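Heads up, the chain below is alone and in the form predicted alone; it's given as structure tokens.
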């Protein structure tokens, strides 16, 4: 369903300033799109955009476009020449605009904000041959969220490899009333065809060191690693049959988060929003939840699946419009504003700036989760994380994966026994190569 929310801020008078210099008596206008549609987030963005518009003496039109409609609306905007001046989107959106030559470089903006204040991994994924094509805002990390109380009750340790993960998940299949039916499942393996199945699979793929593109050369290599990809998928399916609710084959984000919050599963993969759901739906569960990194196959984890939101500026306006957009973005990146934006997102969205993180971790909503914050922040700083297809930097394949359901369809077919894991991986490889040919055209 199309979710479009528009805020039009009209400043009847005002001067446009660039770097403190008066430019014109006529108010300029910037159009900004964001994929964030949650009220808590749009309220913060609206407030910040209005503050900066007032400082600069310009008009702002903010449009929220639901993620499911983003690529269709962007394609239409490019055809009509109405690409927004600024966009707030994930790496897939950045890569899509970059591939269509719609972005202006952000090195200058990053430099003025202070490059050393940005977590390096946030910048890396937006960088191509030394040029940074967006300004990272905040990022998410996939972790295993689990019931600390159940681990303690049954004397379980954090799994250190996939064998231990399987054994732990099976041990947490709990029949509370001894009626022969499982009341709490060990590990929710969710497989909604829209995004979720691909995200779950990619976390396992990255953990095992299976990539779509070579991280160094950018060469497509998934097809060369189908044997390993098949082993990863088979493990994921085995985990599903061993310790996941049968209905999880159709679960999306709300279902698997709610299952953990309501006490129906003991572990699941998530990016932290489960905590917010617990706070609103079952506060008694909040203190029982913790997180750990999905381990590597034999304990050596190669990488994680992550994601971030970023600001980008279009190159389609005249020189003054592009300059105005850059000034606007620079003003967005005070530590206080960056922290406020991250805190408006369901936890745990980590701001891209070290100075903002110092504010973020002291916030009331975060301070009680210091152990979890430390686990996730350490991963952002000291480990490798990717979004699907972006192992070598910006790649439009991410948008192709996000806009289609072939991963989910293949994974579901394997879980239902309609296909073997090998057949599912063959199909995924075929579809990836077809998408690659489309991108190449």
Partner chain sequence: MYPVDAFLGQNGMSKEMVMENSEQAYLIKSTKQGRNIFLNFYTRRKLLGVIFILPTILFLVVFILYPVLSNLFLSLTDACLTKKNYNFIGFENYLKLFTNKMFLKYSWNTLVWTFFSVIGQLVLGLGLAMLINYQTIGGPFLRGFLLIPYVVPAVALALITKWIFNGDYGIASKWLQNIGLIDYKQSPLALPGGAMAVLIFVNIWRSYPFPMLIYWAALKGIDTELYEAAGVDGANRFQSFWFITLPQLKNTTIVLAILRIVWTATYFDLIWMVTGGGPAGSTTHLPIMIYQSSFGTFRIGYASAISILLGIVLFVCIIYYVRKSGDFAD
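Positions refer to the first chain, counted from 1. Everything numeric here is computed off the predicted structure, so don't read it as measured data.
The protein also exists as the form predicted in complex with the partner chain; that form is not presented, and the subsequent description refers to it.
With the partner omitted here, the stretch from 305-313, 94-102, 107-115, 287-295 that lies within 4.5 Å of the partner chain by heavy atoms in the predicted complex is 94-102. Taking the partner from elsewhere, residue 59 is found to have every heavy atom lying beyond 4.5 Å of the partner chain in the predicted complex. Put simply, residue 54 is far from the partner chain in the predicted complex: not one heavy atom of it is within 4.5 Å. The partner chain in the predicted complex is approached by residue 78, whose closest heavy atom lies within 4.5 angstroms of it. Interface residue remark: residue 355 is not counted as part of the site for the partner chain in the predicted complex, having no heavy atom within 4.5 Å.
Here the marked residues 210, 225 and 385 all miss the partner chain in the predicted complex; none has a heavy atom within 4.5 angstroms.
The listed set 71, 235, 154, 220 contains one residue whose heavy atoms approach the partner chain in the predicted complex to within 4.5 Å, identified as 71.
Comment: the partner chain is not present in this chain, but in the predicted complex one of 44, 392, 375, 403 has a heavy atom within 4.5 Å of it, namely 403. Taking a 4.5 Å heavy atom cutoff to the partner chain in the predicted complex, the contacting residues in 262-296 are 262, 264.
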